[in-house]
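Only one chain is shown below, in structure tokens, and it's the form predicted on its own.
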Amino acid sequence: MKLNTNSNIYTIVYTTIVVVIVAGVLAFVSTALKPKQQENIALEKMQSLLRSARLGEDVSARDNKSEYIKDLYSKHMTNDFVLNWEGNVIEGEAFEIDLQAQYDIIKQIAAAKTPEAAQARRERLELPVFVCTIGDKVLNIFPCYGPGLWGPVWGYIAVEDDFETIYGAIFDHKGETPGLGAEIAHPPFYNQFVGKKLSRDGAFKSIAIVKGGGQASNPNGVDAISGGTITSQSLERAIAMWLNEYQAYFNIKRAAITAADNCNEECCGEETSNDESGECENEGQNHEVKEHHTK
């Protein structure tokens, strides 16, 4: 019997077969490419972390960019861990933390109507920290994430081991306007963060991104993007929200710095000796000096 190609049944069957074949091909391609996609995402994250520490800026000049990033990351990123809201290390993989999910929790904390509700949400936080070593310098790198004008904005801020001075920063976006908000991803903007402070009068003070904020007399400010007011304000809020949640960790580390300094001044003077374990011995009392910048 001759097939009637003009019938509705033929059209439906033919369309169904084509859709199934195309869907199968797309599913196969997606599955086949997924490992490569995941590798590219990981490489991009590695590069962002390195660039926040002012490393890897010359990657475009390298023949094998992937291997260069991996080698640089392996050499300088010496530790990473996850913190809870109290600033204590908990189980988890810092590199795998979903920043958007954590931002949602931070937003819920800010919107909580009672201290009890805020605390219940804060206990769900998983805050990643990345430690970068450059010679004798040890940096702690902290992420930020939040909404921009047209999509999410995010970045990483590298802080020196005084837990006050910014060593470097890098930011990116999903869909900000080219030439305006998208300028957060370019050196003239993020290089302003180098040397800025995260405290004022002994208390936490986040970075203000405002017009004229980049003056040398303003240790806590950077200049906003001309024509990118909404993106600048959004990034400012994201940085403040995230760094505020890390303050418990900052306080722990600053207390360790003070304790170490006091030990050096009071019990590690000329009449004391340091054994190989790093303990100070003075008149029968041992004061353990703990390194204050790593896990």
Partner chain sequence: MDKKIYKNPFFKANPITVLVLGVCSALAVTVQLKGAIVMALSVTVVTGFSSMLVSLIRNSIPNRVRIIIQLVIVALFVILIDQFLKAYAYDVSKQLSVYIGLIITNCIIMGRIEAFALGNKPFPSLVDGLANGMGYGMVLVVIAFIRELFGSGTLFGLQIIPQSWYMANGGFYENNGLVILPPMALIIVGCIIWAQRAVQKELQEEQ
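Residue numbers count along the first chain shown, from 1. Bear in mind the structure is a predicted one, so any value in this text is a computation, not a measurement.
Below, we turn to the form predicted together with its partner chain, even though it does not appear here.
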Open item on the list: Among the candidate stretches 88-96, 101-109, 198-206, 169-177, which one is within 4.5 Å of its partner chain in the predicted bound form when only heavy atoms are counted?
Closed with: 169-177
Open item on the list: With a cut-off of 4.5 Å between heavy atoms, is residue 40 one of the residues that contacts its partner chain in the predicted bound form?
Closed with: yes
Task: Contact of residue 254 with its partner chain in the predicted bound form (heavy atom, 4.5 Å) - done: no
Open item on the list: With the partner left out here, check for me: in the predicted bound form, does some heavy atom of residue 54 sit within 4.5 Å of its partner chain?
Closed with: no
- [ ] With heavy atoms only and a cut-off of 4.5 Å, decide whether residue 30 touches its partner chain in the predicted bound form.
- [x] yes
- [ ] Would you give me the residues of 9-25 that have any heavy atom within 4.5 Å of its partner chain in the predicted bound form, in order from first to last?
- [x] 10, 11, 14, 15, 18, 22, 25
